[in-house]
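The chain below stands alone, shown as structure tokens; this is the form predicted on its own.
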Amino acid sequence: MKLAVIGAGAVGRSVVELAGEHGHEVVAVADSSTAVVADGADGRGGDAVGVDPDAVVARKAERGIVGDDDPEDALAADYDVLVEATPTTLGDAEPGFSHVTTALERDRHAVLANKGPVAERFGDLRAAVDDSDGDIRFEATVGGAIPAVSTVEDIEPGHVTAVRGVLNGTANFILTRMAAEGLDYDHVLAEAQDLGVAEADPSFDVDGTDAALKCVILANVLSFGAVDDPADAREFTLDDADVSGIRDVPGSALRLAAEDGQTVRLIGEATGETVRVAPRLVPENGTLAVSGTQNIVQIETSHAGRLNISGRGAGGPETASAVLGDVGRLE
């Protein structure tokens, strides 16, 4: 498959680097201000030869650009699948939403690592797919390398009663360290920032927003996948989620929990009716008590019981593996 990668952060760069190992060719790459489009993929004739992955990555690291073309040239290139890996935005989910719909209007496929369009405008995306010969996939928007979305789809959403889990590595690292060392939130947050586990502004993670977006996406998969007519589905956005973060979890709460053989984790839960994210007590040696930056997804099913899938929920190569898995599903 010929790929156009929009977004040159950690995920986008990893897709560019790993695509060849999965049998795909990157013919265009764009960041926010520049692009590189392979010869023959620009509509000027000739057979497209993929861009040089090493050159793209090196140019981005050294000069802060991916090429000398315009980002619009990448959107107009001759590709089979658009990979949308720009940063997540809320509300109108732009520019990611327009990037995806541009691909669909050209009857191309799109694979998203960007949560915004799937969490905030899922109904609009489904309508755009209905009018296109292209399709969308978005495994990478939930849990990095963990195949949460595809597992729910394989079971069939109508047979899944709930999906819950630990879906943010930064929050989980902080809670794990607080419990292990008896430290308070502010101390561990500073440590996480020093280690690069937490951003300078950690709000998206510690306030539960990131986990909530993932749960909203899962709720949309459950809701839309359980009905024959999309008009009968309930569409979820972040505004529909009940969200509490971990800023106010005191170290004393973790110490008291440990005395009862429990600990605290930021747990997200999605059904076809509700989305909730909040710190919850879980058994200290239980399935949901994953440590560090690990994530876990727990799927409750009507006939197959409870399924648990754990792994790395973030990271460039990890998330790129989910993107490229989705590309393979579209072949």
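Start at 1 with the first residue shown and count on from there. Bear in mind the structure is a predicted one, so any value in this text is a computation, not a measurement.
Here the subject shifts to the form predicted together with a further copy of the same chain, a form of this protein not shown in this document.
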Revision key, fill the gap. Testing 209 to 217, 118 to 126, 173 to 181, 143 to 151 against a further copy of the same chain in the predicted bound form with a 4.5 Å heavy atom criterion leaves exactly one stretch, namely 143 to 151
Exercise for review: State the residue from D260, E72, D248, E156 whose non-hydrogen atoms include one within 4.5 Å of a further copy of the same chain in the predicted bound form.
Suggested key: E156
Practice item. Please run the contact check for P317 against a further copy of the same chain in the predicted bound form: heavy atoms, 4.5 angstroms, yes or no? Key: yes
Check your understanding: Does a further copy of the same chain get within 4.5 angstroms of any non-hydrogen atom of G311 in the predicted bound form?
Key -> yes
Review point. Using 4.5 Å between non-hydrogen atoms, is N285 touching a further copy of the same chain in the predicted bound form?
Key: yes
Practice item. Please check if A10 has a heavy atom lying within 4.5 Å of any heavy atom of a further copy of the same chain in the predicted bound form. Key: no
Point to revise | Output flag, T88, I267 and L281 jointly within 4.5 Å of a further copy of the same chain in the predicted bound form, heavy atom basis | key: no
Review point. Relative to a further copy of the same chain in the predicted bound form, which residues of 1 to 39 have a heavy atom no more than 4.5 Å away?
Key: L18, E21, H22
